[in-house]
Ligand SMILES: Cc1cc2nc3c(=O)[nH]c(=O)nc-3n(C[C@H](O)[C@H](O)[C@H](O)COP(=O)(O)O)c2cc1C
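Have a look below at one chain only, the form predicted on its own, in C-alpha cells format.
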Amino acid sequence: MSDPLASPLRLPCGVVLANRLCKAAMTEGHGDSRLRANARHERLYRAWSEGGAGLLITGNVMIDRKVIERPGNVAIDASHPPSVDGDARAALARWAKAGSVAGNPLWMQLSHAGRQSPRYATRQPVGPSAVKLDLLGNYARPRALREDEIVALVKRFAQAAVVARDTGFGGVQVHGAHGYLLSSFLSPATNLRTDAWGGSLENRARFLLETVRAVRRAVGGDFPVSVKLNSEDFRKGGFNSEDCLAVVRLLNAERVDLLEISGGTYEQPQLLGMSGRAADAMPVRASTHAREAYFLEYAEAIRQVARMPMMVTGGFRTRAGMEAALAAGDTDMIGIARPFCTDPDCARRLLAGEIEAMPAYEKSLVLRPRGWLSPTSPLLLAKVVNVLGAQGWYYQQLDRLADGRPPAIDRGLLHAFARYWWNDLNKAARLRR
C-alpha cells in the first residue's frame, strides 16, 4: 500500500516535488548587518535539506531594505546595488546550494513588511493607508504609498525573483498573507484608499495580482511561482473567507504553481495558534478548534474554487492528521514549520515510519495554563508575552541549529522572550543601510 505522504506532486510548471511534506517559511533573522545571507543560512538549510522534506521555503526575503520585518532579514532590493552585487549573489548561491543538497527544491519567499515593521528596524513603515498597528507602541504610523511607489515595488518583486532564479533557488513564493504589505492591501481594515488600488476587492487585490503577473513574466513559465494567502484576517472588518475565495478565483488565471493557505495578522496571530485583541477578533468556529490543522476548514471551501495545487500550513503534527487531509482532498501539500526547529530530521523520520507525530512543544510554552498570565488572558501584555515568548523560544532553537549546536528544549519562555528582544535590538543597532 503506497504512502500518501511519500507520493510525488507534479506542479503546473512541470516541476515534480518528491513528497508531500514542506518546511514552510519561518523568519530566520540570520542576515548580516548589510542584510545579506551567510554561513548560518547555509548550515541551517543544509540540515533541513538532509531532513527529508520534499520542499523547503525560506523565511521572508525583503524586497525593500528600508522596511523590513525584523533585523537579520535578507534583502534583495534592486534600488540598492550592494544588495544585488557579486558578493550578495554569491552568498545567495551558497544558501541555495546548501538548501537543496538532498535534491529537494529550495524556494525563496519574497516579502515586504509594510506596516508590520517595528520601530527599531524601520524609520518609516509604509502601507496602503496610514492605519497604525496598535501593539504596545512598538510600531509607528505607516505612510500611505503613492501610486508610482506601488508600481515600483511590483517591479522590485519581479527583479528579486530573477535574482532568486539566477542564484540557484528552485522557485519563489509571493507572500500575500499575515498582514504584511500585499496582505494589508487586500484588507478593507487597512486599505482605505479610494483610487485604483483600494475600494472594491478587485482594486484591493490589484497589487497582489500585478505582482504575481510581473514575477511570472520575469522568471518564465517553467519556474515555480507560489502565493501565500490568508484564509481570513480574523479581525472585524478585515479580509474574510468570502474575500479569500474571490481572490483565489482571480489567481486561477495567473499560472500559480502552489497556493499556500494560512491566516491571521500581528493583531490576530492565528498563524501562531493564538488570538490577539478580543475587541477586534472574529470568533473562531468550534469545528476549527477540533481540527488538527488550524485552517483546514477554510481549505475545504477554497479547494472547491482553486484550480492550482494547494498547501495548508499551521498545526499539522500527526501522520494520521496529515493523511486524512490529503485523502479528503483538502490539500495537496502539508506545510510544517515549528517541528523543524527542534528536529530538522523529522520529515525523514515520519516518512520512514520511525515516528507517528512531529515534535510539539506549544502547550508547554505558556506563562500559566490559566488565569491572568495565560494566553487567553484579557490582558494584551500577557498575550504578547506568551506569543512572543513562544516565538522567541523557537527562534533560539533556529539560532542553535544555524550555529551547528543541538536544540535547547529546556530553555524557559521568559528567558527566550528576553533573549529574543536582546538579539533583535542588537542586530538593529548594527544595521548598515
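Residues carry their position along the shown sequence, with the first being 1. What you are looking at is a predicted structure, and each value in this text was computed from that prediction instead of being measured.
The form predicted together with this ligand is left out here; the points below concern that form.
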query	finding
Contact residue in the model of the complex, from 206, 317, 193, 94 (heavy atom within 4.5 Å of this ligand)	317
Partner contact for residue 60 in the model of the complex: this ligand, 4.5 angstroms, heavy atom	yes
Non-hydrogen atom contact residue 49 with this ligand in the model of the complex at 4.5 angstroms	no
Partner contact for residue 386 in the model of the complex: this ligand, 4.5 angstroms, heavy atom	no
Residue 294 within 4.5 Å of this ligand in the model of the complex, heavy atoms	yes
Which of 170-178, 197-205, 119-127, 137-145 lines the interface with this ligand in the model of the complex (heavy atom within 4.5 Å)	170-178
Members of 319-339 lying within 4.5 angstroms of this ligand, judged by heavy atom, in the model of the complex	335, 336, 337, 338, 339
